[in-house]
Structures are given as structure tokens and as C-alpha cells.
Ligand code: UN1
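Only one chain is given next, in C-alpha cells, and it is the form predicted on its own.
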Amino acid sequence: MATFDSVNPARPSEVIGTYPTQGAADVDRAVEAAAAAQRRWARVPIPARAGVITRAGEILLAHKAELAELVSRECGKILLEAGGDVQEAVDMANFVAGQGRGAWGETVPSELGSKLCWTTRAPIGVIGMITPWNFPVAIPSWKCFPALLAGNGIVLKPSEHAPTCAAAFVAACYEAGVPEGLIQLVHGYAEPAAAIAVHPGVGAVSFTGSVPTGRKVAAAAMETGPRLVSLELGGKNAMVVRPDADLDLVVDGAIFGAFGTSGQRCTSTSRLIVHPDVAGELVERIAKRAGELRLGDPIDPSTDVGPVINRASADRIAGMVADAIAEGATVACGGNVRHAVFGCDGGSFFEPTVLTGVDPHHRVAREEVFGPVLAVMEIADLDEALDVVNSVEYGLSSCIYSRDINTALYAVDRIDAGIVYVNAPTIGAEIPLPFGGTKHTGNGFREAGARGIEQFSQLKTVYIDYSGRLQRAQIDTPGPGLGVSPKGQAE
């Protein structure tokens, strides 16, 4: 069987692991195995499933340091952020496990006497999951833990850039007591992902990645469906800065939001829409701070910005910067690819970049860069600024900086996005709240929070009639003023 290597993006000569390049036949076997295990798992009481998830979180926490180093080496995240990736999985395990002893549906009063009505949740069966490399432990946890709690089997296809992290996450689940065969890993490129999307034994597909790929997955899944499809796609996230904003806070937020994870988050701050009265000072301060950020080995605690995932990504980002310059933008700092940084020969680093003079119609103002590039636009009128926020095809995350609560809440109402921050950057979502976006960012589902389980379960409505006779809903309903007999029958 053909294989591929997962390498350290900071020094590609370092191989993290070698994996089989799998295809449709491997997906067939994985689905069959997961389905067999799922039938037994679905009979396990929900609180007992939650206990397994709790133990998985404990195991991840016990190995947090070594897992964080693995994330850093395989995905290029600086060590601090890699630890946060693992901690997010720990927190998700705790949150989802708590749902195992919570409400599993709702009860409603019947319009008829001697009748009970409620909803419950049932497993879907086998869930196909396709996950990206930029949160290689956290995102699998967002998907796998709710799916397990709901009683499903799983076929997980991680990014070819992060297979070792996915394998470590699945190993922790098995160590915690997940039954043998319940979680299946398949590796490779597009072929196994495409096979998952159309497999007749897969009842739902959960995909996180780019908009073009997400559209292909959804179209294929529904063409051979019906099956449930949930999409978490890209973002073109904006930071709106009003003239009364705390500029110290804005600078800190812009640096973290735009250049954290080398700008490789779907929630990264990609656009800065600033009032002209403060634009000059603000851009000068952001560019100065960005230019002082240290590029280097992500394992080194002194590194501020690690590599982008590979050379193709660095070249693509450089092309977008070149296009912006051709359209009239100016580079305030950065703008260059670097392949030799503090001993990381061959790595693909991109300097934190600030572009000024960007027009809302420029490519860099409309398309996802997925790199450390901040496009600055000067707009005075608040409504015009919010129109620009909403003008792109994405609707994941946005933020506004202002000391005026009326301005802030007005913006919250007007921004078309799934997540809105006030006086904080566009990154920083928390486990108990739903995560997802509007427009082309997704298709209505949300991950995390209490609603995270919705994409991994199906509702079942239950009616219990103990009247002892035929009752006909919407026909036997008593009229105004009519009572109910002691036996609960309409009078």
C-alpha cells in the first residue's frame, strides 16, 4: 500500500509519522466495523457513555504536555497555543459528559386528557467526520465526544497534515473505555473523504474545512442521501474600531486575532475597519508590534509566530499580498515568505503583515487568506463600516471596539455573523456556547454548547395514551369552557 509522511512544517525533513494512503475499500471496512460496534454501544446507558468521555478527558489532561508538543511539531502551533488546543479537548470532554445526566428532550402538555407527550434523542448510526489540521485535537473532540454520547459509531478522516495528532486523540478514547472498533481512523487525501461522504452506511457527515471543499462534500452526500450534513467552513472576520475605542486594547486584540496561530484559524482577524481619526496612530502601533514578533521553532517558548502549514500555503499567501499591492494597497510591515528562521531551514514562515489602503472590493478584503495578513480599511460612518463587515460571503466572527454601549449593541444587532465580540478580537470562543456562522460559513448547525449534539442525533417524538379509548388529536380537543372528566376524557 502507498504511504505518505506527516512532517514538521518548521523543518520538513523531520518526519512525524508515516501513514497508509487509503481509499474507498478501506472506508467500507471502517464503516462496517464501526456499525457493528455501534449497535452494542447504543445499548449502553447514556450516563455510562458519559463516564467514558469523562475518562477520556482525564487521560488527555494527564498527557497534556506531550500532546501539546506533538501538536506543535506536527501543525506548527507555538507551544502555548498547542497546549490550549489540548485543553479545549479536555474542557469539551467535561462539558459533554455533563450532558449525559441532563435533559435528553422536552415534555409538553397534550391537548387531550390521559396522554403524555415528549421528545428524546436517538443515535444516527455511523457518523463520518472530516477534520482539518489547524485544531488537530480540539476539533475531533468537538465532533467525537457528542457523537459518542449520542450512541454513534465514528469514521474519522483527519487532515493528511495532522494524522498523528488524530491517532493520539483516538488512542486516548480507547484507553478511556471506548469499545473496540467504535472509532475508525482512515488516512489519506481526497479519496477516503469522498468515500465517506457517499457511503450508504454513513448516516451523517460532519465536515470542517474550506468553503469549496465543503460544497463538494455536501453535494455528494445529499446526491446519494438522504443523510444529515453539517458544515463548518471559512471566515473573513472583521474588527471594527470606533474613534472612542481603547487603542491599547485594540492593539493587543489585533496582534492576537490576526497573527495568533499564524493567522490559520477560521476565526482569525482578517480585516481592520477603522475610523480615520485613529487609523494613523493605530496602524503605526500594530505594525510596530507585528514587526517585533519573533518567528521561529514553535517548540521554542520564545517564539511568537510559527510556520504556516507548508510551502504551498506560504506561496498562496504571498500571491494574495502581491495581488493586494497590484490593486493599490501598501505594505506597512511584513509581506515576505521566509524559509530559514532560527535553525528551521526549509520551513515555511510568513512574516506578520499589515496592508493599508485596502478597498472593500479588493481580493484581500473579500477572500479568506488563512495566513498572518491584516487588511486595513478606513471608514468613518458606522453604518458604512457595518455594511462592509457584512459584504463578504462569510459570516463566522466579527468584533467591535467602542466605549459607547449604544454603539456596541447597535453593531451587535446589525452584524450578520454567528459570533460577535465587543472589545475583544474575533478569536476566543468558549466551550459552553454554540460555535458556527451564517451565510457560506455553514449550513445552520452549531458545534459545542448544548446544541452541539444536534448534528449527531435524531429527534424522536413519543406519545403515550392511557385513556383506554381512541382519542383523535385536533379532532377530540375540548372547546372553550369544557372540562375534563375524572377519567381524563373530554366531556
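A quick note: this is a predicted structure, and the numbers were derived from the prediction, not measured. Position 1 is the first residue in the sequence shown; the rest follow in order.
The same protein also exists as the form predicted together with the named molecule; that form is not shown, yet it is the one meant from here on.
Novice: So in the model of the complex, are F259, R338 and F350 all sitting within 4.5 Å of the named molecule, heavy atoms only?
Specialist: No.
Novice: Check W41 for me: does it contact the named molecule in the model of the complex (non-hydrogen atoms, 4.5 angstroms)?
Specialist: Output for W41 is no: heavy atoms all beyond 4.5 Å of the named molecule.
Novice: So in the model of the complex, does T267 come within 4.5 Å of the named molecule, heavy atom to heavy atom?
Specialist: Output for T267 is yes: heavy atoms within 4.5 Å of the named molecule.
Novice: Using the partner position in the model of the complex, report whether E88 sits within 4.5 Å of the named molecule, counting heavy atoms only.
Specialist: Because a heavy atom of E88 falls inside 4.5 Å of the named molecule in the model of the complex, the answer is yes.
Novice: Whether A429 contacts the named molecule in the model of the complex should be assessed with a 4.5 Å heavy atom distance threshold; does it?
Specialist: Taking the distances in the model of the complex, the answer for A429 is yes, it comes within 4.5 Å of the named molecule.
Novice: Which among 218-226, 93-101, 321-329, 132-140 is in contact with the named molecule in the model of the complex, heavy atoms within 4.5 angstroms?
Specialist: Only one stretch qualifies here: 132-140.
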